[in-house]
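As structure tokens, one chain now follows by itself in the form predicted on its own.
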Amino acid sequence: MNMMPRWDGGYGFQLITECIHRRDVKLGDRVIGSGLTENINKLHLEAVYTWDRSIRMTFKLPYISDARREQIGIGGIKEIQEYKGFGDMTIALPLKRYFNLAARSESWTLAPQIRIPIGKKKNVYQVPDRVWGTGISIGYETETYRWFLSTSAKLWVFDSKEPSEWGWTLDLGWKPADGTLLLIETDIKWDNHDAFSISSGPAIYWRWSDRVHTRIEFKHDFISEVSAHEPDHSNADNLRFGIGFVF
């Protein structure tokens, strides 16, 4: 939720439910299977520990509780493929530098990351990549009494034949009251297999107390192109709700 503990020995965890709905099968930017849907439901367990306000470790493990997609099988007959199980684990070491300015605070973040496959790829349809990956992200954040801005760029490089991925995010927020933040969030993603997407939507963050935080967000794909070498589902809507606890 971008609200990590900022004190020595701080720790916390959060649970996030995520629902993804994709409407079409594409090859590049061309629809080749209109109305063939994919629905994925995930539960994310995420945790953080802060040794120093500038050094922390994060842990993320998703569980895919239900994933179903429609495909055209042999003879042109529509078939349903299903998947359930743990996703791949991500461990990161965010390094932050804070600045207190006149009526404004800001921070820079550098975060090396590693993706750890949980198990091996077995099914034709499997949501996790099941490959090792290393990543790096750099971010900037600033806020005043009423306004908030966060932006970051990231790069992931994977083993095997998985394409490298790049991403950029921009979050703009307004604080109508203490403990409440209204945001418009935009994500841009692309990889070296020609997949490209731009998604955006609103988010609301509430701080119920010093210990309990909640957040809900929705994003819609305004541009969604998949690899020109292999068809995939696209045109997604993404709904996430989370609750976090810090100590």
Partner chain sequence: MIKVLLSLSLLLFGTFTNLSALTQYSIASSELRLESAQSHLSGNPNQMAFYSKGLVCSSCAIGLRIHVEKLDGIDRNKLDDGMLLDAKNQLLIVAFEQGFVPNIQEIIRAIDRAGYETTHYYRTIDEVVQIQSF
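Positions refer to the first chain, counted from 1. What you see is a predicted model; the values in this text were computed from it and never measured.
This protein has a second form, the form predicted in complex with its partner chain, left out of what is shown; the following refers to that one.
Engineer: Name the stretch, out of 95 to 103, 155 to 163, 127 to 135, 112 to 120, where some heavy atom lies within 4.5 Å of its partner chain in the predicted complex.
Structural biologist: Flagged stretch: 95 to 103.
Engineer: Looking in the predicted complex, any heavy atom of F86 within 4.5 Å of its partner chain?
Structural biologist: No, F86 is distant from the partner.
Engineer: When the contact criterion is heavy atoms within 4.5 Å, does W190 count as touching its partner chain in the predicted complex?
Structural biologist: It does: once its partner chain is placed as it appears in the predicted complex, W190 has a heavy atom within 4.5 Å of it.
Engineer: Taking any heavy atom pair closer than or equal to 4.5 Å as contact, tell me whether R69 reaches its partner chain in the predicted complex.
Structural biologist: R69: no contact with its partner chain in the predicted complex.
Engineer: Can you work out whether K219 and its partner chain are in contact in the predicted complex, taking contact to mean some heavy atom pair no more than 4.5 Å apart?
Structural biologist: Residue-level check for K219: no, no contact with its partner chain.
Engineer: If you look in the predicted complex, which residues in 172 to 204 sit within 4.5 Å of its partner chain (heavy atoms)?
Structural biologist: Counting only heavy atoms within 4.5 Å of its partner chain in the predicted complex, the contacting residues of 172 to 204 are L172, K175, D178, G179, I188, W190, F196, I198.
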